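In structure tokens, the next block holds one chain alone, the form predicted on its own.
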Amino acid sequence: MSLDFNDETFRGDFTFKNSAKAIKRFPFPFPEDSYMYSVNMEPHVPGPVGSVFEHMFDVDEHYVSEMRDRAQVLADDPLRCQSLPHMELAGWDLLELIMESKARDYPHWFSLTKDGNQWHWVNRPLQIEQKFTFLDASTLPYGPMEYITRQTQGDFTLQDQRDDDLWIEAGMVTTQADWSLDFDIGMSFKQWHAPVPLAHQMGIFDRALKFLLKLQHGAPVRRFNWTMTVDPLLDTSPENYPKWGPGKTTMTPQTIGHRQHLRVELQTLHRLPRSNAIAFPIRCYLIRFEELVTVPKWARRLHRVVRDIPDELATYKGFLRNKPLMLEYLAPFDDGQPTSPGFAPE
């Protein structure tokens, strides 16, 4: 495997870890010392060099191992990737967006050559070379959405817009935080988000839907979401809950620093040009508590967020049971000093 990428696992022996560089660029999701739901959308524009915002689709040291894990999930459960027939054009839109972005932003790893509709794609990290006819699915080994998302970190849904609503009608979902594409496919925007506590009463999803229906091509937006995960599991799906759920009951003061992970989703939304669908990439980043506390500001702030979060949100985020252990671990890193505004380390 190339020295650019880790050889690691997200199951079994759990050899996943973040390098010092990966810790420094981790997308810490809390701009202040408390947390409550908000729409919190901002333009998805290029950010600082080396950050997760530098490029449209972030490719990092975990890329090859994450794609290997995705292939295993799909081999075990092909329904993690589904697309209703009318969403094929949106799949081609997504393929074009990702291929063009990666070839532009990472030319040492990816290349795309076009001669009319005859395209030539090269993915060097995964040793893939494919010549195909754009808009002709018979020239690819999978449908267009599945083909490109087997080569792209993060989950993806494609949402059709009609009747003043968004409908989730295609997706590649293998790294989700306890939700099911097979259950949600065909649902409207509010139906999909129905399990989220408090946000509906606050009008969060009314505002979000109104905003997204007006999303323009060429003006993508982004936001953070987060939860907690025991062990570096990418696949925390409802279908596999018997495999990962019991792990929450096995935490101890001696293991929580190594096994408890903050799980952050960088969510972006893109209006697609031909289909008018919205692509919703959900990129998952994991960091161990013992890695996170090497950044003093983050350690202080996470302690305060966990301490003060309402129980119903801690339950939804999956850590109410282990909240006392988390606070016991994090408290020594909180010296009571003020923290600076924003996500970045001091």
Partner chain sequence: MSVGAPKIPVVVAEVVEVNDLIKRFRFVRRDGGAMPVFSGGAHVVVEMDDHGVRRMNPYSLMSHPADTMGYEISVRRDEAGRGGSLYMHRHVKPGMEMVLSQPVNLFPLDARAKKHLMIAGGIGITPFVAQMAQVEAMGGRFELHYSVRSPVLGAYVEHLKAHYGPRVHVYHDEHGEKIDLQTLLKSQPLGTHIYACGPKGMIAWVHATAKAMGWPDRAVHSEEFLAPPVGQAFEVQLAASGKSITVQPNQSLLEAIEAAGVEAPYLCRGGACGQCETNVLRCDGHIEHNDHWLTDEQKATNTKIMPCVSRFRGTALILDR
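Numbering follows the first chain given and starts at 1. In this text the structure is predicted, and so the values were computed from the model without any measurement.
The following text describes the form predicted together with its partner chain, which does not appear among the structures shown.
With the partner omitted here, the residue from 190, 131, 274, 104 that has a non-hydrogen atom within 4.5 angstroms of its partner chain in the predicted complex is 274. Of the candidates 138, 127, 254, 216, 216 is the one whose heavy atoms come within 4.5 Å of its partner chain in the predicted complex; the others do not. Only one of 141-149, 204-212, 239-247, 72-80 places residue heavy atoms within 4.5 angstroms of its partner chain in the predicted complex, namely 204-212. Although the partner is absent from this view, residue 108 stays clear of its partner chain in the predicted complex, with no non-hydrogen atom inside 4.5 angstroms. Using a 4.5 angstroms limit between non-hydrogen atoms, residue 89 touches its partner chain in the predicted complex. Proximity of residue 56 to its partner chain in the predicted complex: non-hydrogen atoms within 4.5 Å are absent; the residue sits far from the partner. Of the heavy atoms in residue 41, some are within 4.5 Å of its partner chain in the predicted complex.
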